[in-house]
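Next up: a single chain in structure tokens, the form predicted on its own.
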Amino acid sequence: MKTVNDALGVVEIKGVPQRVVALDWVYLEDVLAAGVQPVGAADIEGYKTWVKVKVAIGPDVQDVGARFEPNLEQIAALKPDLIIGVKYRHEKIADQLKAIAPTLIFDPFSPEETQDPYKEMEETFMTIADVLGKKDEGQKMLDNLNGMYTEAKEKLKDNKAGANYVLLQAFSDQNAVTFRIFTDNSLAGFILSKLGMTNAYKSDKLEEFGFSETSVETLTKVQDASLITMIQTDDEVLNNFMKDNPVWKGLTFVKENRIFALGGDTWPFGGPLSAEVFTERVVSVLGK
């Protein structure tokens, strides 16, 4: 019997779970990173679209519906012995999930965890790895990741373009452009800090999800930094919406062509596998 403290209380888990259902992408990734294929996961198509990690989800893994509204009947039919969910999506159905199988509910966006999402990522991953009997494999994964950061930092040390950066997602909706500028308390921000890079953007508040949703005017405050973008190729908001924008055209990093694209399918959230891919893309774009 293993006892785990999750976001909703104490969970008792008998033996080593063999049939896991992951209801959020980050925990699906964590299970895969620990070397285990789940029997079920939510929104597998979306996961494959957005989470480009090196460990593939198996063809036999069953889709159990949307992340916000997973199908409880489909989950029960899989006869899981462990379900993993996230508080802000699954707290309301936690009792129903627990009636099916022991359920771990994590809360990465609590006021405490939001302070250091990288620490939360590591601790949650290791909790899952330990529950699955993969503690040693999990620690090796994190050790290898830290070694990767050291090598990446060396490759980036002479690159002045990335020393001071702004990390940006941008997308359009109904002919309006939204900018997400990542803050120091984002997982991506912590990773870039480990690579020796400094975030030029400072929010005036602690952002729950690690980014500020803002407009192009905010970029005038950080225009001396380099801009690192994660923009979908089928949206192309900078080319389609900003090319004639006088504020955008006047930004120093635009005029000096210090804009570096990581690709629209870069996932700046996730677990250790996503951190690995994110680091590789930063080095490929900014490294020597």
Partner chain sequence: MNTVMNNGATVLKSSLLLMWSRYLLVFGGGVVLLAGMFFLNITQGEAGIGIQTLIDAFVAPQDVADHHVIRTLRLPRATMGLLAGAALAAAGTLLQTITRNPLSSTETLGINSGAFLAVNAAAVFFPAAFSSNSLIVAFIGGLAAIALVYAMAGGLTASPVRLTLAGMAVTLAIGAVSGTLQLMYEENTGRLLAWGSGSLEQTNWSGVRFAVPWIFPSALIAVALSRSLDLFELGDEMAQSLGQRVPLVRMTSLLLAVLLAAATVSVVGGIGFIGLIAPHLMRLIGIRRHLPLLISSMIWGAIVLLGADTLARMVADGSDELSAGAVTAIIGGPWMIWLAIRARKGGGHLQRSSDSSTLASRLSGRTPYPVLLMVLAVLFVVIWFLGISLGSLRLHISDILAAMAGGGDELTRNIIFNMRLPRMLVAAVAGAALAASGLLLQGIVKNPLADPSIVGVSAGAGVGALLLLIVLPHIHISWLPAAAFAGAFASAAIVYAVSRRSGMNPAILVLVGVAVSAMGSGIIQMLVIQAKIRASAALSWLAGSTYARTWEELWQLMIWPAVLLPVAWWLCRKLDLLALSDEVPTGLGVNVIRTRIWAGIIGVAIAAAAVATVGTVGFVGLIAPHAARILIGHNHRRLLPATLLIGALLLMTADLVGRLLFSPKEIPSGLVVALLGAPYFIALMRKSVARK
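Numbering follows the first chain given and starts at 1. Keep in mind it's a predicted model, so treat the numbers as computed, not measured.
Unshown form predicted together with the partner chain; subsequent notes refer to it.
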| property | result |
| --- | --- |
| E137, N164 and F253 each touching the partner chain in the model of the complex (heavy atom, 4.5 Å) | no |
| Contact assignment for the partner chain in the model of the complex, among N159, T218, S193, T127, heavy atom within 4.5 Å | T218 |
| Candidate stretches 116-124, 76-84, 184-192, 142-150 - the one whose heavy atoms come within 4.5 Å of the partner chain in the model of the complex | 76-84 |
| Non-hydrogen atom contact A66 with the partner chain in the model of the complex at 4.5 angstroms | yes |
| 4.5 Å heavy atom contact, E207 and the partner chain in the model of the complex | yes |
| Distance check, P59 to the partner chain in the model of the complex, heavy atom within 4.5 Å | no |
| K202, heavy atom within 4.5 angstroms of the partner chain in the model of the complex | no |
| Sequence-ordered list of residues in 13-28 near the partner chain in the model of the complex, where near means a heavy atom within 4.5 Å | W25 |
